[in-house]
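Form predicted alone, single chain, as structure tokens, below.
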């Protein structure tokens, strides 16, 4: 199966990347992009790079402005703005879209892929690419899926099996497939904004969190939750979507430039996670916290029960599973 090759290098100027959104002489097209992540996060950096790439490909005809950290609203608000044309583009979690498109839950199927390398290949494969067409029902053009690492558990107290988690409060991203996963273990899924997670762990508001290695390290969660269980039970995808109105107003050549820029920079994003996931894990181990590796049986019958709920709701699960088997 063919797929795009990860970018190993780029001609994008560092100075331009440091200053996205600056008005360029001769700019004819404005592109406003919203993200929920800060400027230092790989997702926002990816969109910054898209803007620079577009300027290069178009000879300066595109002017791109990226609004990080939810400056134009939370993800639900940004989706509404993209649908109305008030915002041109977003790089948003598939989690938020799964609340509107049940089939997007397929991308959160437990143990679909074991690591970020295979996740990146699956997310650019034929099944996921076909799933992008579903965004047209929301008045958007889906341009590509990216990644935010694999999911793990970090907690204040050690847990050897899923039974040990029963009755505990775990911070999750609030969307149905993940909420079901934890409720099946009798865990109380507790939404907490990421900026408040450190304090929520410190004061006992939550006992742990469903988290990726990047945030566990960068938010210093290990200071309050010194038990990390490497489960890799789900990937956490992100999707680039463009307003249907904006897309319709572009010429064929402009559509091609935008699509190519997004595809190239999403490949760059994948490469960052492939490189940094093992580094973050080593950094976390270096803090002296308890790090345990867990096999799928850690979750007992939770995975089987989850499949029983979601296989009927998310028909793409079967095709993704078949495709994932070919990646090993």
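As the structure is a prediction and not an experimental result, all values here were calculated from the model. Positions refer to the first chain, counted from 1.
Just so you know, the form predicted together with benzoic acid (BEZ) exists too; it's not on screen, but the next bit is about it.
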Benzoic acid (BEZ) contact at residue 194 in the predicted complex, heavy atom, 4.5 Å:
yes
Does at least one non-hydrogen atom of residue 173 fall within 4.5 angstroms of benzoic acid (BEZ) in the predicted complex?
yes
Give a yes or no for residue 36: in the predicted complex, does one of its heavy atoms lie within 4.5 Å of a heavy atom belonging to benzoic acid (BEZ)?
yes
Can any non-hydrogen atom of residue 236 be found within 4.5 angstroms of benzoic acid (BEZ) in the predicted complex?
yes
Pick from 52-60, 37-45, 281-289, 255-263: which stretch has a heavy atom within 4.5 Å of benzoic acid (BEZ) in the predicted complex?
37-45
Non-hydrogen atoms within 4.5 angstroms of benzoic acid (BEZ) in the predicted complex: do 93, 151 and 212 all have one?
yes
